[in-house]
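There is one chain below, alone, in structure tokens, taken in the form predicted on its own.
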Amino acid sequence: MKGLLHAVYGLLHPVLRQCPVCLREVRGEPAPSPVPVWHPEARMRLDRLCGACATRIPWIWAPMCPVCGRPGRCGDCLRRKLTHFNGVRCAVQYRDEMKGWLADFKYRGAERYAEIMAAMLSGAMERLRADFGGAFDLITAVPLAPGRLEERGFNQAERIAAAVSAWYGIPYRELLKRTRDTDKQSGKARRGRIEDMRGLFAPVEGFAVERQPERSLRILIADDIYTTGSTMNDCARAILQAAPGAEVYGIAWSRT
């Protein structure tokens, strides 16, 4: 009888929620949609999306490049002479809809995207863990230039990395700093990106991590966009400079 009454109440008083992306009010329980995320906290955030927004997410279901996880042929990894990271996985493809979401978050201060994008990043985290195994000892984020951080007020990669840190129990540490400012990378050709990123990152002062006596230290770097891999590679180089022998992995919200 209680079950019947609950069902009748649900019909008369449907759940009302607001989609965190389009801000439309949605009635009824969220329709189950296939997502490559299993952590309950992350899935709960994704369930808040309306059906229209949820179906627009271009998930990377089948990574093809064994190094960066791109869902197609990857010339960047083939051409790179020296790769400092062990592997990277990305959550979604950087299509027009995703460009709009990231622009709202980064440049228009729509912080409601933070948990949704972190939940999406969890898909990359879980794929990385499945493909490379083992636990991660620390997670850090690609740092912003001081001027850009002051202008924006927050580091979007740090925000989403902090949520992943809390959900998966991986301690978050600031491990990296920028050595100089660079122009925006959007619109630059591959060669220009690589040149800009070379030697751009360094370990923070007082960099200290606890070594694992029985295995290599495994450090995870989080970023919002992975394009050529130059940023991730130079961050990994800087970490290995301070922690030789560590294994460095990366996760990114989107892959161009």
Partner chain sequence: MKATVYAVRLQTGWQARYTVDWETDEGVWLDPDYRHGVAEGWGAAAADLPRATGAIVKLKRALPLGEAEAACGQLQAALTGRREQGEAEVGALLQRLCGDAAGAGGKYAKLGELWLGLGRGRREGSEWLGASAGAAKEGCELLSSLSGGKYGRGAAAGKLEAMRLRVLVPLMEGRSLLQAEASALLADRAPGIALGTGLPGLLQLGALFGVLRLGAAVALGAPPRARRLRCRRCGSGEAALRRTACASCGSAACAVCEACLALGRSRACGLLVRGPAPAASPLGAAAAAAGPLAADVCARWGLSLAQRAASEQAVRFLLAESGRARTAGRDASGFWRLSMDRLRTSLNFHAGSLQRGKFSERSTARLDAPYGDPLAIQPRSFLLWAVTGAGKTEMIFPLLDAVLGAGGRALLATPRRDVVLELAPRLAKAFPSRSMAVLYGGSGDRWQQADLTLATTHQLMRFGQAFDLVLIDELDAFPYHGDPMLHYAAAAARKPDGATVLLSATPPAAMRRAVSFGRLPCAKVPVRYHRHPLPVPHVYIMAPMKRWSSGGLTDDAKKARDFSSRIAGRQASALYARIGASLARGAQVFIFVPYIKQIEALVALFRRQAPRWGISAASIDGTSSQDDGRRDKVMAFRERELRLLVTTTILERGVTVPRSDVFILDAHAKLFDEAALVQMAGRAGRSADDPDGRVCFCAAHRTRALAGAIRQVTAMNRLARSGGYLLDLPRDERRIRLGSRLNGVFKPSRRQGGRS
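Positions refer to the first chain, counted from 1. None of the values given here were measured: they were computed from a predicted structure.
Beyond what is shown, the protein has a form predicted in complex with its partner chain; the following relates to that form.
> Looking at Glu111, Glu174, Glu97, Asp131 here, can you tell me which has any non-hydrogen atom within 4.5 angstroms of its partner chain in the predicted complex?
Residue within 4.5 Å of the partner: Glu111.
> Only one of Arg178, Arg159, Arg127, His84 gets a heavy atom within 4.5 Å of its partner chain in the predicted complex. Which one?
By the 4.5 Å heavy-atom cutoff, the listed residue in contact is Arg159.
> Heavy atoms within 4.5 Å of its partner chain in the predicted complex: does Leu149 have any?
The answer is yes: Leu149 has a heavy atom within 4.5 Å of its partner chain.
> If you check in the predicted complex, is Gly153 within 4.5 Å of its partner chain, heavy atoms only?
Yes.
> Only one of 118-126, 102-110, 70-78, 134-142 has heavy atoms within 4.5 Å of its partner chain in the predicted complex; I'd like to know which.
Partner-contacting stretch among the options: 102-110.
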